[in-house]
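Here we start with a single chain on its own, the form predicted on its own, put down as structure tokens.
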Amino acid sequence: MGVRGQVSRLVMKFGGTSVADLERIRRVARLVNAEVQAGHSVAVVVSAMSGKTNELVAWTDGSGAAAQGLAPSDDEYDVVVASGEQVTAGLLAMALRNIGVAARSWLGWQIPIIADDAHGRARIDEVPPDKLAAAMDAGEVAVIAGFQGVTRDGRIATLGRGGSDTSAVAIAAAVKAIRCDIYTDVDGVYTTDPRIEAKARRLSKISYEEMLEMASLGAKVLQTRSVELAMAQGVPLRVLSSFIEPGDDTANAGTIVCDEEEIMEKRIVSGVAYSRDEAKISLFGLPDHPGVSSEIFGRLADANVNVDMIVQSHARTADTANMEFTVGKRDAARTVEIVRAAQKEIGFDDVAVNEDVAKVSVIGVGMRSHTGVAKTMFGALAEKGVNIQVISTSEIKISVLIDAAYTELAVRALHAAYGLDQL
């Protein structure tokens, strides 16, 4: 009996590197078969083979030999780029049949995964579970093309980058699966990037909120949208490696992403994340009166520029202020253009941009009930001579902006300061 349903339904999701070629697809088939043999009713959500979506996008955006010059918001663009997942779903279903497992492929419109009509970045509205659940409970593995849905007027709509993770969580919620297993090229969620800190430890459990912060702050293990949906629907996630062998002990493998209440021993800090995809915008000599910030950030919002860290301070001249904020590097040049276009109207002196910065963050639900987290962070960075340029906080996170040259030093120092290498 499954906790969330009458039968033990399980959703497994495999990303592009996990299905990169036929040999890896056959490995995936063996992993799926192991879960079938364990008594689960299984649905598998697959991405396109690694690199395939980029190739398909190139065919449509003017950089490929067959380019048609379609905008990413075009419904025919979606028809093209959704085809990669269709190929993978068919190949995996065939591989499962070849080893004696009953299986069939499902495309988004066949389930259906009903989405809005924001082509290229659609959001899922609903997933009627009846047909899919019935097939699973009858013993047939459902191999589902991720990343795609169908609009209410019958057109294919893709869900944007990371959409296959979101597809998997939506399917798990719809069929009341006991869990959604996300197989990827790493074996779980770590206290920090193991490529920077060799002493990084794999976490056995992490809360949805901590995972959301880590995903938004640079950790690439899970997409933010999928974690948001899992938290809203109460779907337990597990992140684990697709390169384990069938028959290995997977009961304790990977990292479970779950409700905070399910974690018995809450850590003050669970992880250190970093992002080098940051640019700092500095505005000098701003008029210090109401409405100025609204004017600046309103213009950036209208241009879909996401602003993150913000700090304002008094300037030397009376009744003026300086302001610093961060945006993604890809938006830096556009941000400067937008701000400069408003310079006469707003009346500030100058604007500068610095792309040689990084954001380093500590995350942990234990911050809610423990003091001294910021003191430890600032002390550890000061001891290593790392200057802090901007600070931002939330209930379970503290982020600092530093010179990019100190990124790795800062990550290691903070990892040690909070005892994360001792887990």
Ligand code: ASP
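In case it trips you up, residue 1 is the first one in the sequence shown, and so on. No experiment lies behind these values; they were computed from the predicted model shown.
The form predicted together with aspartic acid (ASP) exists for this protein as well; it is not shown, and the discussion that follows is about that form.
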Is Gly285 close enough to aspartic acid (ASP) in the predicted bound form to count, meaning some heavy atom within 4.5 Å? no
Is Phe147 near aspartic acid (ASP)? Define near as a heavy atom within 4.5 Å, in the predicted bound form. yes
Heavy atoms within 4.5 Å of aspartic acid (ASP) in the predicted bound form: does Ser164 have any? yes
In the predicted bound form, does Val28 have a heavy atom within 4.5 Å of aspartic acid (ASP)? no
Which of these residues, Thr53, Asn33, Thr376, Gln389, gets a heavy atom within 4.5 Å of aspartic acid (ASP) in the predicted bound form? Thr53
Have a look at 351-359, 376-384, 41-49, 393-401 and name the one stretch with heavy atoms inside 4.5 Å of aspartic acid (ASP) in the predicted bound form. 41-49
